[in-house]
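We begin with a single chain expressed as structure tokens, specifically the form predicted alone.
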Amino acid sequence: MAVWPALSAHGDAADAFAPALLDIEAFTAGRVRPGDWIDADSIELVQDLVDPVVYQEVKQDRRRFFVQPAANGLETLFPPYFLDATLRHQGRARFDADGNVVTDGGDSWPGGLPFPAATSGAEVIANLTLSWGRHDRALYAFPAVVIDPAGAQAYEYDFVWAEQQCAGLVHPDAPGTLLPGHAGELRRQSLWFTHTNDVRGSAFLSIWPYDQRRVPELFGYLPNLKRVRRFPANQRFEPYMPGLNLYLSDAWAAGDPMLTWGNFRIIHRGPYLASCHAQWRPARANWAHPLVGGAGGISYFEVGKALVPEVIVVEAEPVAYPNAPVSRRRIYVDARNMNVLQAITYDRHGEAWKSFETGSGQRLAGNAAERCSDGRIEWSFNWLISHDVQANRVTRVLQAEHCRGNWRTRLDPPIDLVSEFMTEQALRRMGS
């Protein structure tokens, strides 16, 4: 049985898979159990269940992770309102003549996953692109640290990342599926730096058209120039700030409009170990994870990984960016909820360049929980690790409770994010 019919009909993926794909102990014939640590001495036991970058990090760079029990319940895999919209609209998505996602009536997509049972690379990418964080709006507080090849901290930044969906709104308090006054837009996204002092006040705004053939407008406020300037499209392949392994193109492994990439192809389906639940650490200061690996023992978050019964591995190429330093991207997507787990970018010579690994899950840990407005448990991504494997430079980004500047992470906050943070005037105000 395919995974999405099992999930949508029964609320659990168990009916879709053989028992060995639901239990790491059965899959490994008892050699690996929940609670075990995977390190350089034991990584060979699960080599077929991890990607090449994670394998290298564990085998050669002193990283380790612990094995979590699997969780395959439908409601553990989605933000509640995004799940409601996915179930409500399933079966209605189409690609129009231009390649954009529309409903069976030709309207813009009204929210949730358009292709929860994706069978093509284009459908998988559409699921990632149309709603990054799977909430109508969000503020994320991000402490970020860059670790150099010697295992020492080279850079430290705090920044806030804000998202506002303009199409595909799913929250019950939304005025409809479209944000009034923003016809033709898919989303607005902004980020601004609050630390260190030399970059504080730097802010950027990206305005995405719904038409996925068009490159988003990109504006930035630079405090030393004291003005807002428009950036060219190729800025999507440059780091936000010196040292960071993160580009606009990397966001959610779908940081560019999907039709500016092409040659989508599914190259693999199979089981995988991923950080896809129980990644929220509210009992720790600022939700931080312990650190592990690298020469200094601080290169990676020390996290858990559970057996995902099926990932879909998709490759795509940046067809609209002739000067991009990228030849292709390989994206590992959880077939149960179409969430990105890992992405590996390859340079122009076809060599692995950098990774974009994420951890996500419900906001539930023991007796602690974050709930949406109707009382159900929230879900979000919790951290990302980007590893430039050629330079051996690691960027850790934590979705924290707060960051410097007194900013706090908030999912679907009752704030007009556009007027506060997503106009040229807002960029100037935040940078002043």
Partner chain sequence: MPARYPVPRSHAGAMARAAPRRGSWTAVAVAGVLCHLESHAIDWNLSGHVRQEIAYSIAANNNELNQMGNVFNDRITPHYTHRTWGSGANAAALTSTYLNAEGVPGFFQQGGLAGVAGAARRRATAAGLFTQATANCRFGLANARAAGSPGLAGTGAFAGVLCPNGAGSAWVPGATPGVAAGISAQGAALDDDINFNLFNTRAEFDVQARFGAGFAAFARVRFYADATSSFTDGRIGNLNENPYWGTRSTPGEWSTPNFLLDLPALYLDYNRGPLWIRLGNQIVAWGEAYFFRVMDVANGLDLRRHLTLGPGGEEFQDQRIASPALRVSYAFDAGPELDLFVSLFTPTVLPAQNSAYNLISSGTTLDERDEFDDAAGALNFGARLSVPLSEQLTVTAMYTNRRNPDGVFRYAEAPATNAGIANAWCAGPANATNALLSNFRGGALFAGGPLLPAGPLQGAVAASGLGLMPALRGGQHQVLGHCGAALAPDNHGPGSTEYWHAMGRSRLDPMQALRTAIDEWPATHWAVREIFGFGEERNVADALRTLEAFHGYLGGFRAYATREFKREQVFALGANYIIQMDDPHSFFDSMILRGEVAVTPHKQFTSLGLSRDYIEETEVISALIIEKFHRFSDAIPATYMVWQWMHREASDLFGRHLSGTETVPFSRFIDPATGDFTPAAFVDGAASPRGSGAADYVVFGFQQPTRSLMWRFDMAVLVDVEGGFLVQPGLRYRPGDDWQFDLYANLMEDGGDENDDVMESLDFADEIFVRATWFF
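Residue numbers count along the first chain shown, from 1. Just so we're clear, the structure is a prediction, and the values are computed from it rather than from any experiment.
Another form exists, predicted in complex with its partner chain; not displayed. Remarks below refer to it.
Checklist entry - Thinking of its partner chain in the model of the complex, which stretch from 149-157, 337-345, 115-123, 275-283 has heavy atoms inside 4.5 Å of it? => result Looking at the partner contacts, the answer comes out as 149-157.
Checklist entry - Taking 4.5 angstroms as the cut-off for heavy atoms, does residue 175 touch its partner chain in the model of the complex? => result Residue-level check for residue 175: yes, a contact with its partner chain.
Checklist entry - Can you check whether residue 329 is within 4.5 Å of its partner chain in the model of the complex, heavy atom basis? => result It does not: once its partner chain is placed as it appears in the model of the complex, residue 329 has no heavy atom within 4.5 Å of it.
Checklist entry - Applying a 4.5 Å heavy atom distance criterion, does residue 415 contact its partner chain in the model of the complex? => result Residue 415: yes, in contact with its partner chain in the model of the complex.
Item to check | its partner chain contact in the model of the complex: residue 137, any heavy atom under 4.5 Å | outcome: Yes, residue 137 is a contact residue.
Next on the checklist: Please tell me which of 164, 100, 202, 76 lies within 4.5 Å of its partner chain in the model of the complex, judged by heavy atoms.
Outcome noted: Here the answer is residue option 164.
Next on the checklist: Between 91, 105, 350, 322, only one gets a heavy atom within 4.5 angstroms of its partner chain in the model of the complex; which residue is that?
Outcome noted: Exactly one residue meets the criterion: 322.
Checklist entry - Looking at its partner chain in the model of the complex, which residues in 389-422 have at least one heavy atom within 4.5 Å of it? => result Heavy-atom contacts to its partner chain in the model of the complex: 390, 393, 404, 405, 406, 407, 408, 410, 413, 414, 415, 416, 418, 419, 420.
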